[in-house]
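Starting off, we have a lone chain in the form predicted on its own, written out as structure tokens.
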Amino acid sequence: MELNDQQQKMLEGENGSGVQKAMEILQAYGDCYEAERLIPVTSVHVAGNFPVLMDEGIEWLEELAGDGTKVRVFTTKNPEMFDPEQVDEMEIPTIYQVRQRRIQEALKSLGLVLTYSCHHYLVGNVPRFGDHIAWASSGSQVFANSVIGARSNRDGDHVALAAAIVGAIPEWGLHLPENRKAEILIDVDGLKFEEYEPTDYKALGWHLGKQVGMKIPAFVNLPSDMHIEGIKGLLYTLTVTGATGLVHLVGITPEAPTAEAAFGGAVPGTPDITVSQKDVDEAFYEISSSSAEKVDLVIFGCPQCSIQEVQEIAALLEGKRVHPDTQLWICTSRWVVTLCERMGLLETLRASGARVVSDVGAADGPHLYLKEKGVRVIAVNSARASYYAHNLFGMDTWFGSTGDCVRTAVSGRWEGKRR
């Protein structure tokens, strides 16, 4: 990979050992994918939490911070394991408090903006169409490519942080226009979209991700008025069972006003994949891993709940109480909690027995300490959360709509779909 004079000096250590290490990472990364050069990035997002970093990663962050290294571009951070303002009430083990504090101090020293949100495009980290970015979050990365039209590969956390320090990323994959063309055609004309909630789009994404894999799909016959929550549900789940980094939602994706534009020319004569409503219904059962009736925890927020989602949950809980043997958590960002307080939603939620936690995501580590407290069976309205909770933390999960989950929280037993 060819470096310019400034980048060569970084590699030789003239800007410090932290910058040198970042350049070494990017050079190895670029060589691996046969990139010809580095290109500037305008935006970076990292996970930067304990389940991703572990102790060795924390030590690396502290080494970078100790050297005086700083990021060169606007860089935000994913949610953490717990709400720092509710540590005592949530009885967070000291071991996790110490680690989260070390991560926070290191990242603050490096110059990151500590949004603690997986909706960073809603809290200031908004690229423009055509911008090159490095987002180490598969859900928001595919959203940036598919809805905003920015350019990012599915970069690992260490690569994204290195890009933030250097201000550039190797030019390969989805950074190149020729690699952004659709490869398979998906026709969803047979689905009952008039009955769809966001959860149905998540089930659709679960089913299709296994068939799409790493290829770039183009969807035709989606509803023209598809709501943003449905778009997020589809995209964020496609990256769980699949590994695509770009999805052409024809008529929605900026690069795909037509199917011809998505494919850069001729469209396949027949769809590569057609989906039936039976396929989507079956996915609901596949996403759930539990058979137990009793539910210990209902948890919303993967990705973190938007204000619209919190409004829906609050309306469903109006005048009701969460079952004494079941917890209900609503994970969101601190700015959404502020909105909830202004709008009187916190009062409704707290009166029902729900817990609103900020700076936390439903798949970003709370299960590490919740499992220690006896939480075994959880209910979620996120296929992404179900996958992580079951496969990374050994939880048994139920997957259903927001209404299913709220009813479950009130009764203490699963109230949604089952075989």
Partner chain sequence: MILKAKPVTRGVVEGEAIVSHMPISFTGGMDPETGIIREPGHDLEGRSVAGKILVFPTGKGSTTGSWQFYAAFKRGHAPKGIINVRVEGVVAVSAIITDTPMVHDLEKDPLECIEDGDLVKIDATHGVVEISKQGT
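Numbering follows the first chain given and starts at 1. Keep in mind that this is a model prediction, so the values were computed, not measured.
Just so it is clear, the following notes concern the form predicted in complex with its partner chain, a form of the same protein that is not shown.
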Worksheet item: Looking at the partner-bound form in the predicted complex, is L61 within 4.5 Å of its partner chain by any heavy atom?
Response: yes
Worksheet item: Does V357 make contact with its partner chain in the predicted complex, using a 4.5 Å heavy atom cut-off?
Response: no
Discussion item. Against its partner chain in the predicted complex, would H119 count as a contact residue? Criterion: heavy atoms within 4.5 Å.
Written reply: no
Discussion item. Whether H132 contacts its partner chain in the predicted complex should be assessed with a 4.5 Å heavy atom distance threshold; does it?
Written reply: no
Worksheet item: Should the three residues A28, E56 and G156 be counted as contacting its partner chain in the predicted complex, with contact defined as a heavy atom within 4.5 Å for each?
Response: yes
Worksheet item: Which of these stretches, 157 to 165, 247 to 255, 270 to 278, 226 to 234, has heavy atoms within 4.5 Å of its partner chain in the predicted complex?
Response: 157 to 165
Item to complete: Quick one: from L368, L392, I39, A351, grab the residue that has a heavy atom within 4.5 Å of its partner chain in the predicted complex.
Response: L392
Response to the item:
Interface check vs its partner chain in the predicted complex: of A292, M214, A266, V98, the one with a heavy atom inside 4.5 Å is M214
Worksheet item: Which residues within 270 to 304 place at least one heavy atom within 4.5 Å of its partner chain in the predicted complex?
Response: none
